[in-house]
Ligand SMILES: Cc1ncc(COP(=O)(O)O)c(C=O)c1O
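Just one chain is shown here, as structure tokens, and it is the form predicted on its own.
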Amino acid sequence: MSGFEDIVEITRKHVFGTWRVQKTWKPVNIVSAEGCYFTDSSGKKYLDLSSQLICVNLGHSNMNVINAIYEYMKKLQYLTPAFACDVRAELSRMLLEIMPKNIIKFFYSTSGTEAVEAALKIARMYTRKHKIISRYRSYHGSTAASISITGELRRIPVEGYHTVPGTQFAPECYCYRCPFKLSYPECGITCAEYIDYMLQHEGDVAAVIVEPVVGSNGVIVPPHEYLPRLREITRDHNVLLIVDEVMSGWLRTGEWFAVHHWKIEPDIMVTAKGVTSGYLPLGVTGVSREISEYFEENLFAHGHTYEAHPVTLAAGIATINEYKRLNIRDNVLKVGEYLGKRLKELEAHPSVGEVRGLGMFWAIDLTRDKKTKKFMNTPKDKLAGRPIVVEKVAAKASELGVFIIGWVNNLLVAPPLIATREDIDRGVEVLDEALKLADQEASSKTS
């Protein structure tokens, strides 16, 4: 290629940009990355305030993970999943130590959506039932079954011809804009009780699936009673509980997995992203002893070519070792508390309705009017290709040297888990400036 312009032009012209109208895509050419920063072809550095797609938990260029990948690649480049190998056994042993204690057997894939696909297939095979209850404010992946249980807008363009029948959606646990127009704690956790009501009136339900902390749809942290009550409800109705920890896992919230905050044990757990810090594609589906024992006598009808790819498993082992060596949990607790405190200062902006989060996983939820809590933008705006304010704010932040994800009505703040207070100060300083664009869209009468 003759230059950096060719890289951008060929990419824009011949590669799809995801979840967007193609003519709006103007990708920046990135040439290197280290720690919490990455650099484009002009030499400009960006603070990675969203860990790319909330996956580069260890930051960029961790040499211990890179060297582990390199060394194992020299040893064993590929292996059919019919064979055993050392990294497959070792990563499984490590997962047994950090996942909920009832999760005892694993299926390894190459992404979060594939991990969810496996979970759904397992749940349906095990229960011999079909329906899945999910929530409207959710994202579980882009492949056929995973997009079918995705509640938010990304399901809508393909619904009916690339979705699997059998999903029922429940209201989410979203206290700031409660779908029942109630207030916590007087609400009695109606959002959980509604699922109980659904299960009283729905037959053929295999499982309920939730993100313990909602991810791209606004980092919604449930009240402390919600998940324990949901676990109780699913057991009462003999329905499996699947938790999607693709984003919320791997110390992102201050625990290995978010469910540990509420001390619940799901029947199936799915995760990806942070298991290798995004360095290689790896998804994990873990199941309980009861489900594992079922398949001792029944066909496990699932698998694919890159299942349990040995080099990705080596990356997973190295990543877990780095989480421990670097005392990442301590950093998340300390810097995460500071991050939340600094972000809360941004609630002074007329356009900021609520800042919420846990550990180093936060969202800035925008509003046009603080009294009415009117959304700045809605899913219908995104689907119609209308201007999205969070995208304008994210673009301004990028111009000022900070990368942040904006999705519909929320800015997702999830820096690498190695971030320092200085990194946080830099990020908040830029967000404070970029949010002035959103303030122009908010009511001048808000207080």
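Residue indices: 1-based, along the sequence shown. Everything quoted here is computed from the prediction, not taken from an experiment.
The next section is about a form of this same protein that is not shown, the form predicted in complex with this ligand.
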Counting only non-hydrogen atoms, which stretch in 367 to 375, 188 to 196, 171 to 179, 135 to 143 is within 4.5 Å of this ligand in the model of the complex? 135 to 143
So in the model of the complex, does any heavy atom of M247 sit within 4.5 Å of this ligand? yes
Is P266 close to this ligand in the model of the complex, meaning a heavy atom pair under 4.5 Å apart or at it? no
Check G112 for me: does it contact this ligand in the model of the complex (non-hydrogen atoms, 4.5 angstroms)? yes
Do K273 and this ligand come within 4.5 Å of each other in the model of the complex, heavy atoms counted? yes
This ligand in the model of the complex: within 4.5 Å of a heavy atom of each of V116, E211 and S216? yes
